[in-house]
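Take a look at this single chain in C-alpha cells; it is the form predicted alone.
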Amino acid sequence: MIKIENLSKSYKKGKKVIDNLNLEIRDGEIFGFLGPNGAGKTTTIKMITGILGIDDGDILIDGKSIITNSIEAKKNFGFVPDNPDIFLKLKGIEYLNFIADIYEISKEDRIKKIEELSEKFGMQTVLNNKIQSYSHGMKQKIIIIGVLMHNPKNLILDEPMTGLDPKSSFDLKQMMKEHAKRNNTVFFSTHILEVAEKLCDRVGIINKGKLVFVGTYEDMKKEFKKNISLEELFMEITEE
C-alpha cells in the first residue's frame, strides 16, 4: 500500500507544483495516475520514491515513511523512471548483477531470474552489450527486468510503456495484472488513456498540482453524468 498524506511541493517563487495531495493506493489494485503534461505526475512520483524532497506532508510505503525511514520504505518498491538513460557504461548483465547485489539476491536466484526475465523480454542475446548501445525500448526493458528481479510488493512505473514493442508492452501489462492479483500494488502514470481504461482498477487525475478526481471509470461516468470514453472525460475534466 502507498499512502500520500497532505503532500505539497513548491519550486520557484513559492508556486506550488503539488498542492495538498492526499491519495491511497491499495493492495491488490492497479492504479493509473493521469494528467496533462506539467500537471505534477512525475514530480509526485519522484517524491514517492525519495528522489525529490518533500516540503509538506508524508508518504508511507507499507506503513514506512519515505522521510523518516527511507531505506526500509525503498526496500518495498521497484521503480521504473520515465527516462531509461542510466548506467550507460555498464553491460546489461553488469547492471542486473548490480541490482541483485543491492537487494541481496542470492547467486542461484539471480541466475534464474535473469534467465527467465531476459527471455520474456527478448533481451538474452544482448546482455553482454553496453546499455549505451541499446535502443530506447531495450533500455526500458533492462530497467524493467531489474525492477522485477527482487519481487517488490509495490511497483511504481512512470510511463512504462514508452518505447516498448507491442509484445513487450503486452507482457508488461500481463505482469502488472499478475502482480496485483497477488495482493500487491501497481501505481503507474501514463498518457495512453486507452491503456488506463482497460487496465486500471481505479485512476487519479491530477491537474495543475491538484487531485481533481479519484475513482473507477464507472464512478467517473456517474459523477459527470456522461457515458463517454475515458479519453473524452479526461479532456473535459482537465480543460475545466
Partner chain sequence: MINFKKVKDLTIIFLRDSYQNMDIIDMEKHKLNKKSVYTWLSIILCLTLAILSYKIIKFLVSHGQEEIFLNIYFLILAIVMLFQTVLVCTNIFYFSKDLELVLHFPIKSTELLIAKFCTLLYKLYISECLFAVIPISTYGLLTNTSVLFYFYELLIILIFPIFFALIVSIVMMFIMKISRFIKNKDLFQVIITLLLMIVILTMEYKILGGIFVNNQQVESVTEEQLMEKIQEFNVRIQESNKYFLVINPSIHILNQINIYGIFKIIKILIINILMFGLFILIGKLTYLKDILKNSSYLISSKNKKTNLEKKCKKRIRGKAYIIKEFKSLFRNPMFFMQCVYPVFVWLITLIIMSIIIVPKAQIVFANEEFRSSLGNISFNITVVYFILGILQLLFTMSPASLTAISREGKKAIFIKYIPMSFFRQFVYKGIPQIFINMLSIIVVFSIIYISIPSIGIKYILMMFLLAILLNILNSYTMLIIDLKRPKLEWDTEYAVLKQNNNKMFQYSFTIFIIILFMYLNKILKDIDLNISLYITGIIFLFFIFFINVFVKIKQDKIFNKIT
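Numbering follows the first chain given and starts at 1. None of the values given here were measured: they were computed from a predicted structure.
Only in words, not in the display: the form predicted together with its partner chain, which the text now covers.
Under a 4.5 angstroms non-hydrogen atom cutoff, its partner chain in the predicted complex lacks F170 among its neighbouring residues. Contact check for D165: every heavy atom lies farther than 4.5 Å from its partner chain in the predicted complex. For I114, a non-hydrogen atom is located within 4.5 Å of its partner chain in the predicted complex, even though that partner is not displayed. Although the partner is absent here, P81 is a contact residue: one of its heavy atoms lies within 4.5 angstroms of its partner chain in the predicted complex.
Across the options 172-180, 48-56, 189-197, 209-217, residues that bring heavy atoms within 4.5 Å of its partner chain in the predicted complex belong to 48-56.
Taking a 4.5 Å heavy atom cutoff to its partner chain in the predicted complex, the contacting residues in 95-126 are N97, F98, I99, D101, I102, Y103, E104, I105, S106, K107, R110, I111, I114, E115, Q124, T125, V126.
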